[in-house]
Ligand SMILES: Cc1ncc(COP(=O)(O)O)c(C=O)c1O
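In structure tokens, the next block holds one chain alone, the form predicted on its own.
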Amino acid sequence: MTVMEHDALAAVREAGAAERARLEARRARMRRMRFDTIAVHGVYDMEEALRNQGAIVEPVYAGPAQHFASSDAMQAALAYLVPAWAYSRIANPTVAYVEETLALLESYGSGLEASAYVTSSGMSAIHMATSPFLDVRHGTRMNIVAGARCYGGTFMLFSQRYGAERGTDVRWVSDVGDVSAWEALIDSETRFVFVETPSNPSLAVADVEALAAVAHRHAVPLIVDATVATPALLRPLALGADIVVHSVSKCLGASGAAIAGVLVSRGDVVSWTGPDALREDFATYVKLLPGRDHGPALAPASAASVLHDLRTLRARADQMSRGALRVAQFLEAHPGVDRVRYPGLPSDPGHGVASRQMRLVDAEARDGAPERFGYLLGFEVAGGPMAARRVFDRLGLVFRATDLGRVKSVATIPAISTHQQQGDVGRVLGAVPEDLVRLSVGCEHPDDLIADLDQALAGAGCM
């Protein structure tokens, strides 16, 4: 390398260092802001707007590849020596704005620094959050410990893709609130502990702080799926979790215009496996290496849709939670309903833990009680599975679909939809009976939702 070539590459790296410093300054400034302000602005400030033709809304970078000023600039970028995006399978500026916003929201109020990797779906986020720990170079007799009360796709990923196809020992915990049950299954070959709280569709609640302590005693990471809560109600990193995953397609992107997922990690993830880079900055490591090779990239247009939805996250989480509690109280008192699953009800087994760790972020005195328990609930219909189907089929305002977390209310029967594929044994393990109707409460007025449920129950003979 000639002196001129060396000087040119040094100049590229110096410019890259200055760009990193500008981004960190924007992050530091936003950490001093309140949750709603972060959700609205992220790291896209006035200076960034001027660098994008003055656009006050984050631009959609639809082009798949970045043009470079020189061969030195290209070489440095592809070696990850300077900030760049290079190719949308690896990174993209619009997607990066979502990642920065979600990292700030998940670490809000904790004093922690976090990083995020946004993916094409919630399931791709779960896969990318877990598969790097299943490294056979650290031994082939590996096991994972996971809560059986989880989304059906997660159950199948672990039981079939990791268990049946790769030979990983999948150790299921049915009662996720029993900390001793988790501890009994973790040993020296455990790679990670995974829990979904509140869970879909059984609404089971896990004590994140207690589970983090158990996992860390064994030098393994705790990974939490907090989709149903969102960072507006629960931020597991502050409670000791190492990694948080979300199906961004749900309440984070509540308009329903995009499918997306995200994993957010704190610095210094606890793990006895993997390289130092994995532990130091897990999300960035996954994004730039395993994610680059697996390719679960999010489309820029979908990222822009998510950004617009994020701006009103706290207000929507509050409104949807209030509505869900009203609906849950109605159903609990209805003679046509045998049981309601919702952690906001004092009768629910997870109510105590949920009251302690699920709080509406930045709740002021005017908000009243700051406890909020999310938008999802489940109810078991009196009369069994066929009665549940009759109620389901009579719904006139609530959509029949497998989605959840939208501004429009949606219901499904998990045993015949989202959890059908895991079989009878798997559904028993995950507490998914055939008469369970899962209801995702949207932003409609709860009186209208209650009227629709009331007529459906009455018309189905459930009185």
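All residue numbers are counted from 1 along the displayed sequence. Treat the numbers as computed from the prediction; the structure is a model and nothing was measured.
There is also a form predicted together with the ligand; it is not shown, and the following applies to it.
Using a 4.5 Å cutoff between non-hydrogen atoms, T312 does not count as a contact of the ligand in the predicted complex. In the predicted complex, no heavy atom of T190 sits within 4.5 Å of the ligand.
Contact check for Y151: a non-hydrogen atom falls within 4.5 Å of the ligand in the predicted complex. A260 belongs to the set of residues with a heavy atom inside 4.5 Å of the ligand in the predicted complex.
Though the ligand is absent from this view, in the predicted complex it lies within 4.5 Å of a heavy atom of just one residue from P132, G122, G344, G323, which is G122. In terms of contact with the ligand in the predicted complex, the residue from T230, T101, N200, S265 that brings a heavy atom within 4.5 Å is N200. Segments offered: 140-148, 247-255, 163-171, 302-310. Contacting the ligand in the predicted complex at heavy atom distances within 4.5 Å is 247-255.
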